[in-house]
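Shown below, as structure tokens, is a lone chain in the form predicted on its own; questions about how it binds or moves come after it.
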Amino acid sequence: MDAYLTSLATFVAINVTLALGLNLITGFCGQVSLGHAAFFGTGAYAAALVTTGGFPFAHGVAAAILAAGLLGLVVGLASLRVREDFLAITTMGAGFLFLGFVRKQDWLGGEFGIPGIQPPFAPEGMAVLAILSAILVWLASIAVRRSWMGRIFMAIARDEEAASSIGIDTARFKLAAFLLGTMSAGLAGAVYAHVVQLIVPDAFGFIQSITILAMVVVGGIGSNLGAVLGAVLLTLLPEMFRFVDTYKLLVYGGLLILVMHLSPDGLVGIGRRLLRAVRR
């Protein structure tokens, strides 16, 4: 496979994994997160520290998933008493705290990050690994959506007070959503770190969090297929139209406004309406 296409497929798969993870938190459970890049970065840094320390790649992946999940639990606990706008601000604050922390730590490379991260496979192998990771998270998301836990998540998203009134421990399930979503981000971070072989704090900033959220919203919030479509579209757009990369925030902001006004259920909703029109 051409090196460019291999790289493109790899980053599409990484972004699909990230979007599916955020969809578990925001789409399924209704917990708006503006700091998902912090969990992505936690996974990347944890994996990089482990593998540059001489341990196998599998240990790095395990460390990434564990570290991101633990941070997700901490942020989830801090977010239990807040909702909607205040929840978004809390998660955004967690993202800024993560950036501030890694920039000041010499053992994390500070502003220069961690270089010399050796991938376990050739680029084609890393692409396959990224795709398999995305498929694994996608299958897990489908299983969650169809399970009793998924139905509880959706009940909390629709009306948390009503869910609580019928005996659902909403705090426990909100934490479960944070744990599952952030573990997925940790997995994506481990793969990303070994693909790019150099990680720096700016790769996990607020813009990255907004980009992941845009993928979920544009694709169709609450839909696994929508998360995949949104991730693919917003990864390929800057490649197909170079001006998008230069004005990324403007383009993504405009897309979010258009989608929320014209089709709140995203690309998946548009597809469903077109399919119904064709059938009629």
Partner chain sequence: MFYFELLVAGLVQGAMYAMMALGLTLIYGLLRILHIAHAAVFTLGGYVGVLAANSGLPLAAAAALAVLAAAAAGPVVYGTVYRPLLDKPPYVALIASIGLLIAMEDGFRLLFGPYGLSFAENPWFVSGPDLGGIFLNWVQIALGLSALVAIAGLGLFAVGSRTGVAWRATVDDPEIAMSFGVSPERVRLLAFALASALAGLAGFLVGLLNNLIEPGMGNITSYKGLAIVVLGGLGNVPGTLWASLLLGVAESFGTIYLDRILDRDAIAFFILVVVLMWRPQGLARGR
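Positions refer to the first chain, counted from 1. Here the structure is a predicted model, which means the values were calculated and not measured.
Heads up, the form predicted in complex with the partner chain isn't pictured, but that's what we're talking about next.
Mind telling me which stretch in 134-142, 162-170, 92-100, 180-188 gets its heavy atoms within 4.5 Å of the partner chain in the predicted bound form?
Selected range: 92-100.
With the partner left out here, check for me: in the predicted bound form, does some heavy atom of S147 sit within 4.5 Å of the partner chain?
S147: no contact with the partner chain in the predicted bound form.
Hey, in the predicted bound form, is G53 touching the partner chain, heavy atoms inside 4.5 Å?
Output for G53 is no: heavy atoms all beyond 4.5 Å of the partner chain.
Proximity of V228 to the partner chain in the predicted bound form, heavy atoms at 4.5 Å
Taking the distances in the predicted bound form, the answer for V228 is no, it never comes within 4.5 Å of the partner chain.
Even though the partner chain is not shown here, does L250 get within 4.5 Å of it in the predicted bound form, heavy atoms only?
Yes.
For a quick test of understanding: in the predicted bound form, does each of V82, K104 and L213 have a heavy atom within 4.5 Å of the partner chain?
Contact check passed for all of V82, K104 and L213.
Under the 4.5 Å heavy atom criterion, name the residues of 190-222 that approach the partner chain in the predicted bound form, in sequence order.
Heavy-atom contacts to the partner chain in the predicted bound form: F206, I207, I210, L213, A214, V217, I221.
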